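In C-alpha cells, one chain follows: the form predicted on its own.
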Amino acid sequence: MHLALFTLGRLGSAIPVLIGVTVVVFLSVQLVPGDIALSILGRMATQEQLAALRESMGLDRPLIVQYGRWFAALLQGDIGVSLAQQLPVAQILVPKIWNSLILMAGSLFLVLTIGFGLAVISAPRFRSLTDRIVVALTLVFASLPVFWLGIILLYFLAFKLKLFPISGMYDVVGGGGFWDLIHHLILPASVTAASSIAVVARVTRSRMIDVLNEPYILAAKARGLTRRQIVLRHAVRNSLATFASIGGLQIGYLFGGVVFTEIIFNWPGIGMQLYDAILARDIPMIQGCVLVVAVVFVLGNLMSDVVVRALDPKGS
C-alpha cells in the first residue's frame, strides 16, 4: 500500500518535470541562430516565399504562442512533421526508439552484471591487490572517451580480427534472428556501458565497504560465518538499495549515450536519427528526438526511486 502511494506521488511529481522538459526542449531548438524558413527553401527563395512559409509554420508569432500550439499538439501525440522526410515525426521515431531501447537494454545488462560483479569481488578484499586492480580498471573505464573506445574496438575486433560485424543491427545477406542481433549488439553495447560500469562498480563497492565495517559484521564473524556467507547475507543485501539507485540512474544516461555509439556503429536508432536531423536542420525531428531522450531519463529516475523504495523494508 505504501509503495503504491509512493509510486503515485512520484508520478505526480514527474508531471511538472516533464512539462519543464518540454519548455527546455522547445526553447533550446528555437533559439538556435539561423532562419528555419531559409534553410528549408534555400537561398534562392524570395522574401515573399520566406514570409509565406513563416506564416504557414507559425514562425512569425511570439515564442509563447508557438510553444502553446506545439505543446497542445504534443498532448495529442502529434510531435510534428519532419521537414526532411515529410512524414509524421512520431511515425519515424517509433522504430528508432525501439532500436535504441534494444541497445540501451544490452548496455544496461552489462552495466548491472559487470559493475555489481566487480564490486562484490573488490569490496571484501579492500586494499588488496585484487581491489587495486579493480579500482584501476574502473578508473580506466571512466576515463575512456566513447568515440575513441568505439573506433579502437571497431578497428581491432571488427575490421582486423573480424570477430564482430562492423555496423548495423543485422547482416544484409542471410541475416536476421536473435543471435544475429546479439552478435551485432556486443560491440556497441560494450562501448556504451564502459563508463557506467565504472560508476556502478565504484559506488556499490564504497557502500559494501561501509557495510562490511559495521559492528554487526564483526558479530557475524564471531559467530563463525565465512567471508562468503557474510558477503552474500549482509554486504550484498544491504547494498542493493544503493546499487538499484545508481543503476537506475544509468538508464537515462545510457539512452542518451547511445547517440554517440549509434553514429560510430551505424546503429539505426534515435541517435542516428538525431544526427541526420541536425545535419538537415529538421527542427521538428530534432525536438522529437531530444524530447524522447529527456522523457526516458525522467522515467528512468522514477523507476529507480520506486525500486529503491521497494527494497527498503521500512518504506514498503
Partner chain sequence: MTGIPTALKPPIGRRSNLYFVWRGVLGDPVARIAAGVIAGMMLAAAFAPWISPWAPNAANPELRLMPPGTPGHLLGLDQQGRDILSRTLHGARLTLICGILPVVIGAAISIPLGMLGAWYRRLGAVIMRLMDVLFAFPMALLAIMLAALMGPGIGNMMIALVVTLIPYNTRVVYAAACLERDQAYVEAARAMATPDLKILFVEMLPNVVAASVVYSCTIIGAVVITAAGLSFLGLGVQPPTAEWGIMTSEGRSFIFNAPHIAAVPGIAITILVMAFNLLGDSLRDSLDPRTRLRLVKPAKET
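Just so you know, these numbers come straight off a predicted model, no measurement behind them. Residue numbers count along the first chain shown, from 1.
Beyond what is shown, the protein has a form predicted in complex with its partner chain; the following relates to that form.
Q: Just one of 150-158, 236-244, 113-121, 180-188 has residues with a heavy atom within 4.5 Å of its partner chain in the predicted complex, so point it out.
A: Among the listed stretches, the partner-contacting one is 150-158.
Q: Give a yes or no on whether each residue among 31, 263 and 294 has a heavy atom within 4.5 Å of its partner chain in the predicted complex.
A: Per the other structure, all of 31, 263 and 294 touch its partner chain.
Q: Considering 139, 75, 172, 87, which brings a non-hydrogen atom within 4.5 Å of its partner chain in the predicted complex?
A: After the contact test, the surviving option is 139.
Q: Would you classify residue 37 as touching its partner chain in the predicted complex, given a 4.5 Å non-hydrogen atom cut-off?
A: Close contact is absent here: in the predicted complex, residue 37 is far from its partner chain, nothing within 4.5 Å, heavy atoms only.
Q: Residue 163: heavy atom within 4.5 Å of its partner chain in the predicted complex?
A: Answer no; every heavy atom of residue 163 is more than 4.5 Å from its partner chain in the predicted complex.
Q: Is there any non-hydrogen atom of residue 145 lying within 4.5 Å of its partner chain in the predicted complex?
A: Looking in the predicted complex, residue contacts with its partner chain include residue 145, since a heavy atom lies within 4.5 Å.
Q: I'd like to check something about residue 248: if you look in the predicted complex, is any of its heavy atoms closer than or equal to 4.5 Å to a heavy atom of its partner chain?
A: Residue 248 lies outside the contact set for its partner chain.
Q: Taking its partner chain in the predicted complex, which residues along 249-287 bring a heavy atom to within 4.5 Å of it?
A: Counting only heavy atoms within 4.5 Å of its partner chain in the predicted complex, the contacting residues of 249-287 are 252, 255, 256, 259, 260, 263, 264, 274, 275, 278, 281, 283, 286.
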